[in-house]
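First comes one chain, alone, set out as structure tokens in the form predicted alone.
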Amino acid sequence: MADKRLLTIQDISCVGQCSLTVALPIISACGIETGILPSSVLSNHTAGFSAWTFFDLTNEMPNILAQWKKEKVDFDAFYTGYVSKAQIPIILNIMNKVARPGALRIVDPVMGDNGKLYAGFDEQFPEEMKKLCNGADVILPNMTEALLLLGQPYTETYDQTFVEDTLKKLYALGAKNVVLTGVNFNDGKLGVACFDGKQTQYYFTERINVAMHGTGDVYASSFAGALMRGKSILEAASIAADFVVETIKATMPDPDHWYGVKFEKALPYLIERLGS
């Protein structure tokens, strides 16, 4: 029986510990063969640096798909991150053409944070992202992305009723499971809320009051790896949340390391958790 193989589709930020430079090592450390499809190449990520270079790989995606078809390459799962509006129909076609039976679709609808769209995304982008979320086995939005998908104004304060109403609306977009990240009820904890169309389950960790780049990618990548290892949605969500906390703790002693988290130092923790 062939080993499980996952394809992750997102950008390469050459420096900055995010996107593919995070996804490939983390998912590989989970014991899952990881293929990559770069959506673009950046010199560095767009948060905190003064400028960046950008090269769009949209036109190369159909050529890569054609070669994979010739070589009979296929995948057990797809995990998408930072992609452009024009790439979404291409990605949906790729998922249809090189999927093994029952292949999972994990969508991190990377669009923004702290109530704002990321640089380079226009106001129409959330509507296109809905197409990628429709039919996904799991979507992993933060609160900003959730409200962008729903066309609702951003709010930093909310209660459990608001969260569960948001989950139901996201589920109605067509995903089979919703994992809302960064849930915070102002009680010193930070966590996730998982919804499968029937029940909501929560998992919280200690809240560390520091802001670090790349933690969303670390979360989604470790979630995807754990899910591929046979963990349930809640188990994968919990392991990923704990792993992010460990990466933050590993980074905090170095105040000059502002551009990402030292996830490499926490990989032994992740591997140990997956073995249990």
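Start at 1 and count along the sequence shown; that's the residue number. As the structure is a computational prediction, the values presented were derived from the model and not from experiment.
Not pictured, yet referred to below: the form predicted together with a small molecule.
Residue contact check for residue 28: none of its heavy atoms lie within 4.5 Å of the small molecule in the model of the complex. Within 4.5 Å of any heavy atom of the small molecule in the model of the complex lies no heavy atom of residue 79.
Within 4.5 Å of any heavy atom of the small molecule in the model of the complex lies no heavy atom of residue 231. With a 4.5 Å cutoff on heavy atoms, residue 32 does not count as touching the small molecule in the model of the complex; it lies far away. With the small molecule left out of view, the stretch that reaches within 4.5 Å of it through heavy atoms in the model of the complex is, among 38 to 46, 61 to 69, 221 to 229, 247 to 255, 38 to 46. Of the listed positions (185, 202, 118, 154), a single one reaches within 4.5 angstroms of the small molecule by any non-hydrogen atom in the model of the complex, namely 118.
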